[in-house]
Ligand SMILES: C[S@@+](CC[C@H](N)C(=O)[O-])C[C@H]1O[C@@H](n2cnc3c(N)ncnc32)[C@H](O)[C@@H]1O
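Shown here is one chain on its own, the form predicted on its own, set out as structure tokens.
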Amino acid sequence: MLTRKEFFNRAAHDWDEKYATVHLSTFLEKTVPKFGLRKGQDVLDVGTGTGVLIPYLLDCVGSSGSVTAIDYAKKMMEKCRLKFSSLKNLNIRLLNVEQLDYPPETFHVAICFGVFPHIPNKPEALLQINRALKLGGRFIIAHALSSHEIEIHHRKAPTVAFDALPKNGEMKNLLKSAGFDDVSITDQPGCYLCISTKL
């Protein structure tokens, strides 16, 4: 069986053709404003893949803010760089979220869009994200599917067949253990949105 990294590297070549749909664009136009981003903020896009979220984030933070997009799949990063590397306030890096090397309190907001179920060591990833966020910074987990719909979708591929979002109670406990509070979770058909704040 492929590792997750191998799976996403292989999937990179036609990822946008499969998933960068009008439906997804409509979802992001409706959902990204709920992230509460402001001009001038520095945002960490965790597991950016081919960068589908990047234009929406840059639009929110403006020229005075920045977006740092990371992913551990080299082929995904290559696709992302082809599309966006000319943008001045965007930093694209090949990096594993469980091994973040940014100084403490670097970012105002961190976002995991469509990636959190695939992170093997979620407690460590959350600790690293919390460390890199400023006090009062927001951490957002978002999907264009409900948690149940994600489980069904992932069953199609053996490598990610058991990658799922934690149940609501478990998610809140994970976040609180990593230093997050004010956790709100929306889980409904076509949308999962979890927003929390660094204490």
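What you see is a predicted model, and the numbers here were worked out from it, not measured in a lab. All residue numbers are counted from 1 along the displayed sequence.
Quick note: we don't show the form predicted together with the ligand, though the next part is all about it.
This chain is displayed alone, yet in the predicted complex one of 145, 52, 171, 60 has a heavy atom within 4.5 Å of the ligand; that residue is 52. Site annotation in the predicted complex: the residue of 73, 126, 109, 80 reaching within 4.5 Å of the ligand with a heavy atom is 73. Contact annotation for residue 137: none of its heavy atoms lies within 4.5 Å of the ligand in the predicted complex. Although the partner is absent from this view, residue 8 contacts the ligand in the predicted complex, with a non-hydrogen atom inside 4.5 angstroms. Using a 4.5 angstroms threshold between heavy atoms, residue 92 stays clear of the ligand in the predicted complex. Although the partner is absent here, residue 118 sits close enough that one of its heavy atoms falls within 4.5 Å of the ligand in the predicted complex. Here the chain stands by itself, but in the predicted complex one stretch of 128 to 136, 60 to 68, 30 to 38, 43 to 51, 43 to 51, has heavy atoms within 4.5 Å of the ligand. Applying a 4.5 Å heavy atom cutoff to the ligand in the predicted complex picks out 15 as the lone residue from 11 to 28.
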